[in-house]
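Coming up, as structure tokens: structure 1 and structure 2, two forms of one and the same protein chain.
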Structure 1
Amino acid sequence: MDQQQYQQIEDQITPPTPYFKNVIKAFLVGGLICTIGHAITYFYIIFFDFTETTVGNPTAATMVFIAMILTGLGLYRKLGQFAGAGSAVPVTGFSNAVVSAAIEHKTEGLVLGVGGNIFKLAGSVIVFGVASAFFVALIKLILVTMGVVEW
């Protein structure tokens, strides 16, 4: 059997991927997560006297905490299987990745298991976040120095 025959057999057996359905599910679930985030934002603004400038940190922390609880209960995995990227892109997906790594390696102990594996994904996200923030700030500094934009 050559490569072309194998490819034909594989195409016959493999069911078609429902791209449109997957995009709609990701869009709706991602939108729902962001809507919950906005509801939490307005909750903090109304009941705790935050401003639009200061409400971002407690909102993100609350969303991360909710995702941690859902991951611990095994519900975020089911959401991810249903929604795909819709549940992975917001900050809750990052929280899920960190907590699921901790849960996966807890049998190896707190230091070598949880401590050694919890930041595998988080480390790269933090490094690229800091690096991109540095370059954006550098570009803005250059543009301000040239007089193109103002602070």
Structure 2
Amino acid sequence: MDQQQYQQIEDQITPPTPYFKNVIKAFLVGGLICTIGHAITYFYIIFFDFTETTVGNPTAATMVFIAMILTGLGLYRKLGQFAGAGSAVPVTGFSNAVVSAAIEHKTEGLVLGVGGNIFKLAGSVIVFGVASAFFVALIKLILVTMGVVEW
């Protein structure tokens, strides 16, 4: 049996990825997390003196805090298995990646373990966020200097 024949057998038997089911679950859970976030923005606008432009920070921090608790209790992992990108894409998923790595590496100490590994999973997001921001700003500056676009 060669590799191609095997590939056929394997593809036949391996259950297909449930694309539709996964998309629906990601939509519902992702939407729900954003709706909770939306409710939190209203909370900060109504009860504290935040405006629509400044409310982003406390909202994100609150969501990150909630995700920390869920991660520590082992619940975010179950949510992730159910929701896939629905719980990974919101900022709570970023929090889960950071917090789970921090808890995991506690046994290697606070400096080498927690400090050294806290961005093991989420680090690439920061790297690509900052790097892409730099390049986008640079390109925009060049285009403005050339007179192609305005600020």
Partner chain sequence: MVIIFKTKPSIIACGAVAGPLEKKSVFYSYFDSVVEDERWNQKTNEQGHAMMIQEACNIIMKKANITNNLDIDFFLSGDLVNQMTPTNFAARELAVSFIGMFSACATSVSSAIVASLLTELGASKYAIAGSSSQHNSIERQFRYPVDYGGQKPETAQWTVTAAGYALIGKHDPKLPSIVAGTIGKVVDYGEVNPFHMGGAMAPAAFDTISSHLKKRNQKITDYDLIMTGDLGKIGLKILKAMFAQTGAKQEELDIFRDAGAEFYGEDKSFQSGASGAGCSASVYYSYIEQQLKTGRYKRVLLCATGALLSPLSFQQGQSIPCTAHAIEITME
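Structure 1 provides the reference sequence; residues are numbered from 1 along it. A quick note: this is a predicted structure, and the numbers were derived from the prediction, not measured. Only the largest set of C-alpha atoms that superpose within 1.5 Å between the two forms is called the rigid core.
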Which number goes with the form predicted in complex with the partner chain? 2
Does V23 count as moved between the two structures, where moved means a C-alpha shift of 2 angstroms or more after fitting the rigid core? no
In Å, how large is the C-alpha displacement of M146 between the two structures after the rigid core is aligned? 6.2
Once both forms sit on the same core, give the Cα displacement of F134 between the two structures in angstrom. 2.8
